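A single chain, nothing else alongside it, follows as structure tokens in the form predicted on its own.
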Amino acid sequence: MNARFDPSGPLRGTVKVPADKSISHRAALIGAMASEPVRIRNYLDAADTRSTLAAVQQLGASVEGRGEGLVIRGCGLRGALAPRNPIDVGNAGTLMRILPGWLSFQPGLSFTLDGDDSIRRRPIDRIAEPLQRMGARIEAREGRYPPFTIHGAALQGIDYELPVASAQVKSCVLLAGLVTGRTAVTEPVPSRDHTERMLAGAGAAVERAGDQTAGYRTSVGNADQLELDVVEVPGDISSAAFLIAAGVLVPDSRLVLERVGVNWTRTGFLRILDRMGAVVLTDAEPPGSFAAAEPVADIDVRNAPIEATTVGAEEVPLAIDELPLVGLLGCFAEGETLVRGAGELRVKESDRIATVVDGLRGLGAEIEALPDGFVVKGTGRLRGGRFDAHGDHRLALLGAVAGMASENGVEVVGMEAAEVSYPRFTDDVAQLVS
């Protein structure tokens, strides 16, 4: 499905963005591992998160209701069932990389995970390596691609040092560590911490320590059971980011995004925008904070001129899903915007370095790819044209925002990909420009 986004009038008003996708995935998975029913309020109803609900049902959990009234009755830490058919993760890379942590300590059981064509191109060796060190056995296509099979085992704890910060790999290892006595993961820089917050809220013994010199260490102790009562899922900052960028770029815009999650490990994009001179006001959580409850705030956005900036490797994990937007913003910023240390973008739903660079260049941007990022020369304008989403929901939304800020509009090829995370994006934009 193609959709056209023409130059926009001012974006004005208040909107509630979709529920946080990362937290929704984790709430369903940890709810399935819990020993008592878990009520989830504001669970995201989108393609990726529906895949997670289907997966936990295959494993023996029950799912009742939807949205505000979702209840998951789990099967306990050690009570997963081996399904007859492969678990279809669809397009959900988060599900594919986190779920094996739980499955790996179900001794004597085997679980096969598969997904769509995009998932089959995404490597799983970064989770396979620590899980196999802990005692699980994993068989993958060509040694590193889905479909792959996890053979559960009695695991042993490890101290695992991640070469590249990754919330998904960290989460997988921490879940596996719930039955090992003590398992620790050290990252060179912090990544999003929703899993460890939720585990702490469920009664697990979670500890965090470290700094830039020693690395950032998160450990989890042995848990007999997990118990969550109610999980409130806030608005998704990664979905909000597209409307934030549109509000910054489209002249005379002023909009408010209500009840968005502002966990400091997810607000790297807001700090980048602040450095660029954008006017984005929010009561965000201070860096370094840690509490089981996710912080929530309204975000106030105004159109403003922006300046170029440099995004380094230490910032990438805290803004990984928003970095394509930094490329778009760089087109309108004064000076040269540089993103480095973002090689992780090459193994997302698409190679987001190649697809962002090619897509924006096709709209008139002066942008070049680097092995681990890109560089953009700000010209203050985008001509417009056709933009291929390549089946990637972030790219579909990027093309839409580019069209709203362009001179001649953009036709987004494959806009249906946005259903993965922001199904009502077009409706929300129409509300803000009416």
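All of these numbers come straight from a predicted model, not from anything done at the bench. The first residue of the shown sequence is 1; numbering continues from there.
The discussion below concerns the form predicted in complex with a small molecule, not included here.
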Region of this chain that lies against the small molecule in the predicted bound form, out of 291-299, 343-351, 203-211, 246-254 [heavy atom, 4.5 Å]: 343-351
4.5 angstroms heavy atom contact with the small molecule in the predicted bound form for M134: no
A278, heavy atom within 4.5 angstroms of the small molecule in the predicted bound form: no
Residue contact check: Q106 to the small molecule in the predicted bound form, 4.5 Å heavy atom: no
Contact of V339 with the small molecule in the predicted bound form (heavy atom, 4.5 Å): no
Contact residue in the predicted bound form, chosen from V356, I124, I237, A167 - any heavy atom within 4.5 Å of the small molecule: A167
Sole residue of I138, L77, A308, I320 within 4.5 Å of the small molecule in the predicted bound form, by heavy atom: I320
